[in-house]
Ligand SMILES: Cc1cc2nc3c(=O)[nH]c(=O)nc-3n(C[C@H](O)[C@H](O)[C@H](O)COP(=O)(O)OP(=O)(O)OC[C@H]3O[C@@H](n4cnc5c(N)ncnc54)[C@H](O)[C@@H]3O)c2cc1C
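First, one chain by itself in structure tokens, the form predicted on its own.
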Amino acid sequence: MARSVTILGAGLVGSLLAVLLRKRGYEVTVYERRPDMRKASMSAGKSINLAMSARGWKALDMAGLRKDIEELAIPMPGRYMHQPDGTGVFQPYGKNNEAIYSVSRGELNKKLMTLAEQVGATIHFGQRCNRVDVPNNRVYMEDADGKETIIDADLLFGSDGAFSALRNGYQFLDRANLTQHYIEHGYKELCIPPDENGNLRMEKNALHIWPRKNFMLIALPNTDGTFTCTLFLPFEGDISFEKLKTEADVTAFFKEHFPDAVPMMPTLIEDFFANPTSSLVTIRISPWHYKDKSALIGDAAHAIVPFYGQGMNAGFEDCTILASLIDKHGDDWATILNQYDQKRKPNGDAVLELALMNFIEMRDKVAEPAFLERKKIEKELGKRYPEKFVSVYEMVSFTHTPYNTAWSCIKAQDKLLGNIMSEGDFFANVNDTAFCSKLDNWMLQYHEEVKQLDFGHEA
């Protein structure tokens, strides 16, 4: 007989997990701290738009939701960089017009909740988990009126986000390791509304970035003609949120650093002071599971910064790996959770590092000519040596290569690209026989360095 499952958190990962478990015959009950967002409006100003990529789409295929979400998704085959002088440059992400997709977090979450209920999961809203007695799988819930309920869970999953109550319980286990780190930057949500005709004010099919070394503004398109913008800025320092105290401060700051954006943001001042300044945290914990009783999943296991667009995608991949392990091992939950931990923990750590690295790339390097040249060379190498070379970005966003494998390729790719670029103009050099011979040797060395890595699926 299939075990009954309790899930903490009806966010994106919790709702998807509920769908996948119900489809495998499990009784599923979900407890969500917030009210039902399908009935109450989401709190404005704290949502970073989602960038759906290959790992996320695979999970939606598993759940049977791809078609529904494709209707909400806007393809972004590249970045559009807005330079300080007002000029812009488009940088494709892939070599064959591959795209990541802008998706509304709220709309996706609503659809996943509805699907979870349609397949038989029960969701209780307005239920805050105060603590979890991990060894006894006992959950202490409190409703909106302050009434406490004690739940003795059979099988428990914590998908309750970066400040997970289940993870908080794990840290008191023997030999549990937990690290939490806030980066120096915070973020604030802003908006670019449609023009007077209801149309988007910038290129629709692009992730827009205003890279400014230690800070940046980004904008993702929405189907209603708006762009959701996010300002990433240090909390403290010469250029920081602490310096933006008045309307005049904010206006002067934007006119200096994002002059082309200001005319498109008529509600800039209103949005800036109405929306909260939020922090960004990374979290590592080990283990991710406890015996055959409970496990962490999504941000509860691996909260990361949003700069690779992989937070949701990584959480969804947790779900697909877990579902494939259930399909393989049936009701042997001791084996399922142990293998889930072994497979996903190294990849959770790797995507955390990748996201931190990509922040530096987005805010700083994308504006540098050498970086833009390197990206062009990477795409050409992928075309010339399709069996040997895939850039790290493409591995992360357009394949199901384990994150840990992608992370392990960085050093080798840096060495390869360093050799190539030290020879001068690559696109001129490739017409030279002697250079092509060197290139073949470098590619052979690179392939030897990485061929032992696992480029396949995790399960």
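The shown structure was predicted, so the numbers you read here are calculated from the model rather than taken from an experiment. Residues carry their position along the shown sequence, with the first being 1.
Omitted from view is the form predicted in complex with this ligand, to which the following refers.
At the 4.5 Å threshold, heavy atoms of residue 258 stay clear of this ligand in the predicted complex, well away from it.
At a distance threshold of 4.5 angstroms between non-hydrogen atoms, residue 317 is out of contact with this ligand in the predicted complex. Although the partner is absent here, residue 221 is not a contact residue: none of its heavy atoms lies within 4.5 angstroms of this ligand in the predicted complex. Contact between residue 33 and this ligand in the predicted complex is found at the 4.5 Å heavy atom cutoff.
Checking 282, 127, 205, 226 against this ligand in the predicted complex, a heavy atom within 4.5 Å turns up for just one residue: 127. When you look in the predicted complex, the only residue of 346, 306, 88, 92 with a non-hydrogen atom within 4.5 Å of this ligand is 306. Exactly one of the stretches 326 to 334, 298 to 306, 375 to 383, 143 to 151 approaches this ligand in the predicted complex with heavy atoms within 4.5 Å, and it is 298 to 306. Residues of 281 to 295 are not found to place any heavy atom within 4.5 Å of this ligand in the predicted complex.
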